[in-house]
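Form predicted alone, single chain, as structure tokens, below.
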Amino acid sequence: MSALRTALGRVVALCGPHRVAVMIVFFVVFPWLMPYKALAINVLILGLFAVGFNIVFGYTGLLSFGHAAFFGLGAYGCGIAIARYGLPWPLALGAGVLLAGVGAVLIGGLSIRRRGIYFAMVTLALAQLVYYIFYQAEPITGGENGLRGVDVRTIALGPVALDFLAPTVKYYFVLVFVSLALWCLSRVLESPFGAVLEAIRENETRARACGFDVDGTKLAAFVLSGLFCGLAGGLKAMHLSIVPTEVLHYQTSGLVVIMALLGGMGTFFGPFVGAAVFLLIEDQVSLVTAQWQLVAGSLFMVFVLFFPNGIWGSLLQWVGRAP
């Protein structure tokens, strides 16, 4: 066991400086390790959603219960641009990310001066406000029936047209955007800004005393988080060809909290581990029983009580590295 721990520690240490490249290589073969490719696509998209949430929760120490707003704004922004205005997918995806970013500025500006449970409740209330606005705007959003007609059949790359309905093509298309997002996140975390985020997480009072603009940094982290979540939402809309109202519901905010905690908050790869484990439980256990939530909930409680660093965080801790 000691030899295995040492070997894993060396592997993790070698992968650290090249974590983005290692993750990309892993995700290249990932769809062949899953039961089917549609599940692998969902892991990528929800993993990216959890990565965005992890910027605020894991790296800055702010527990938000309103991140469904950014995921949903990205999905609706992209979906409306395609279904209602016929924009090409690059502009539509950019519109979704932009709308999520604007939403993050507004919600973050109203909530970052609150702390603890008050911050969480304000984000939850504002996110539910966004949900009901889109729920009532039926002529534009489709209301309770969701937005339909987000029809992307081909991806034009110069003279080449890729079949977006093919699961393999769709997976690697999503992987390109996930890889770019992870590269950007890695650069942010390695910058002085990333160090300030962790300083705020560890001791906000001391960070403020050191002269850092704590409120401005938290707002910047909140907006960056919203952009990542909006990108995930836009990819979700293109993947499903519809935008259900559930993407804005508070249950979606709860889902991303579970995935981040299950994988390991404050870790680079943890959100994808949490997304993969949760979706695999939902997919495989639901074949045996309709009460798959009991299994997922029990596993979640075990990790919260006994492995608070999550699956990936606990593994890193076991091999001798801080999560």
Partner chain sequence: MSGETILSADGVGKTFGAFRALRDVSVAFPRGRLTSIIGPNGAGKSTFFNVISGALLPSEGRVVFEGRDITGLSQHLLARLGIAKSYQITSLFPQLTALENVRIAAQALVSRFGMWRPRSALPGLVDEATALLDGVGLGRRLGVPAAGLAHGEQRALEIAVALASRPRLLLLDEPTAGMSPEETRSIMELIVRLATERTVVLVEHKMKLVMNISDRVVVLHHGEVLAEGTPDEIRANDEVKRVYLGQGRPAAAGLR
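Bear in mind the structure is a predicted one, so any value in this text is a computation, not a measurement. Numbering follows the first chain given and starts at 1.
FYI, the form predicted in complex with the partner chain isn't displayed, but the following is about it.
None of the heavy atoms of Ala125 is located within 4.5 Å of the partner chain in the predicted complex. For the chain shown alone, Phe212 is a contact residue for the partner chain in the predicted complex, at least one non-hydrogen atom being within 4.5 angstroms. The partner chain in the predicted complex comes within 4.5 Å of a heavy atom belonging to Arg208.
Contact check for Ile80: every heavy atom lies farther than 4.5 Å from the partner chain in the predicted complex.
This chain lacks the partner; the member of Ile242, Cys184, Ile155, Ala120 within 4.5 angstroms of the partner chain in the predicted complex by a non-hydrogen atom is Cys184. For the candidate set Leu165, Leu110, Ala161, Ala195, a heavy atom within 4.5 Å of the partner chain in the predicted complex is found for exactly one residue, namely Ala195. Comparing 171-179, 132-140, 195-203, 68-76 against the partner chain in the predicted complex, the single stretch with non-hydrogen atoms within 4.5 angstroms of it is 195-203. Taking the partner chain as positioned in the predicted complex, the residues of 171-191 that bring a heavy atom within 4.5 Å of it are, in sequence order, Trp183, Cys184, Arg187, Val188, Leu189, Glu190, Ser191.
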